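The chain below stands alone and is given in C-alpha cells; this is the form predicted alone.
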C-alpha cells in the first residue's frame, strides 16, 4: 500500500495548495480573519499529510491501520475547510457583509470578549458554527428576517468554551466545569442508589447514557443561557419558534444512545429560570403560557424519567453557574432597561409578532430596513 499512500497524499497536497489560490483579490476585509483561519488549517493538514509519506515508520506494515486512520482524518479536515471555509470565502457577497456588520454590532453591544466569528449565509440546514474556523453559517435569507436572529447569540457562545489560556473567557469555562461537576455528581449518586436498590439493569444503562450525554448537554445549556442573558426574552421566544417548527417530543430523554442536545423542555426551563432572575416576570408568564400550549398540542409531558434526568435543583445550579460565568466575563447582561438597537429590535420583533401576527410581515420589513440601513446607528 505504500505506493497508494504516496500517490494519494501527493494528490491531496496538490488539492490543498490549490485551495490557497482561491482567495479573491478584492475580498472584503470582513473575511480576512476567515482566510487566515482556513490557510492555517490547510497548513496543519498538509503537515500531517507530509508525515504520512516522509516518516519512515509510517511505511512499516504494523503501522498501516494507523496510517489509514490518519489519512481519512486529513481527508475529512480538508473536506471541511474546502466545502465550508473556502466556499464561504469564494462566494462572499453583499448579504454576508450585512450579516457581518450586524455581528460586529452585537459584539459591541454585549461586550463579547473575543473577535466575532465571520458569518456566511451558506448554511444547508439551520444556524451552526465551526469553531475551528470561527465561521458561523446561517440560512441564505436569514438576514431578511428577525425572529430567528437571537440564535446568533447562542452560536457565538461556543467559541468561548474552546479558547484555552485566555483569562477573558476563563469565568465561562469555569462555569462549564461547575455544571459538569454538578451533573456528574448528581448522576453518580443516582447510579449508586440504583445499584443499592438492585433495580432493573436497564436503568443503570440509562443513567450511564445520561452521563455521556451531559458532555454535550452542558455545552448547549451554557450557550442557551449565554443567549438568554445577553439578548433577553427574544432568545426564549426564538427557541419556542424553533421547537414548534423543527423539534420533537420536548420531554424525551435518551435511554440507550447519548444525544447531542438536551430536550427542548429542559432548555426552555433554564431559559425561563434565568429570565426570572433577570427581572422579566411578565415576559416569562407569556412565554410559559405559549410553551404549555405547544406542549399540549404535541402531547408532550414530563414523564418520571425526564424529571429524574433534570431535577429542578440541578437545572437551578446550571442557571447560577451560567449567570456567574457570563457576568464574570464582563458581558452586558440584558435587563428591562436595555436600549441597544439590535437588542431592542430583536425583542420588539416578538412583541409585534404576538400583537399582530397577520400584519407582522410589513412591520418586519420596515424594521429590517432600518436595522441594516447604512445611515442608521449601525
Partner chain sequence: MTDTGLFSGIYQGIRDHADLLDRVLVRLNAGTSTTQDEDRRRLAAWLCSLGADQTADASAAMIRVLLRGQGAGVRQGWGEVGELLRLELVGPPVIDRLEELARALEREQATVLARLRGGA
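Positions refer to the first chain, counted from 1. Keep in mind it's a predicted model, so treat the numbers as computed, not measured.
Separately, the form predicted together with its partner chain exists; it is not shown, and the next lines address it.
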All of 63, 79 and 158 within 4.5 Å of its partner chain in the predicted bound form, heavy atom check: yes
Its partner chain in the predicted bound form: contacting segment from 286-294, 247-255, 101-109, 184-192, heavy atom within 4.5 Å: 184-192
Any non-hydrogen atom of residue 219 within 4.5 angstroms of its partner chain in the predicted bound form: yes
Residue 268, heavy atom within 4.5 angstroms of its partner chain in the predicted bound form: no
Residue 36 within 4.5 Å of its partner chain in the predicted bound form, heavy atoms: no
Contact flag, residue 48 vs its partner chain in the predicted bound form, heavy atom cut 4.5 Å: yes
Heavy atom within 4.5 Å of its partner chain in the predicted bound form - residue from 201, 125, 115, 282: 125
The unique member of 332, 32, 320, 44 whose heavy atoms fall within 4.5 Å of its partner chain in the predicted bound form: 44
Sequence-ordered residues of 252-266 touching its partner chain in the predicted bound form, heavy atom within 4.5 Å: 258, 260, 261
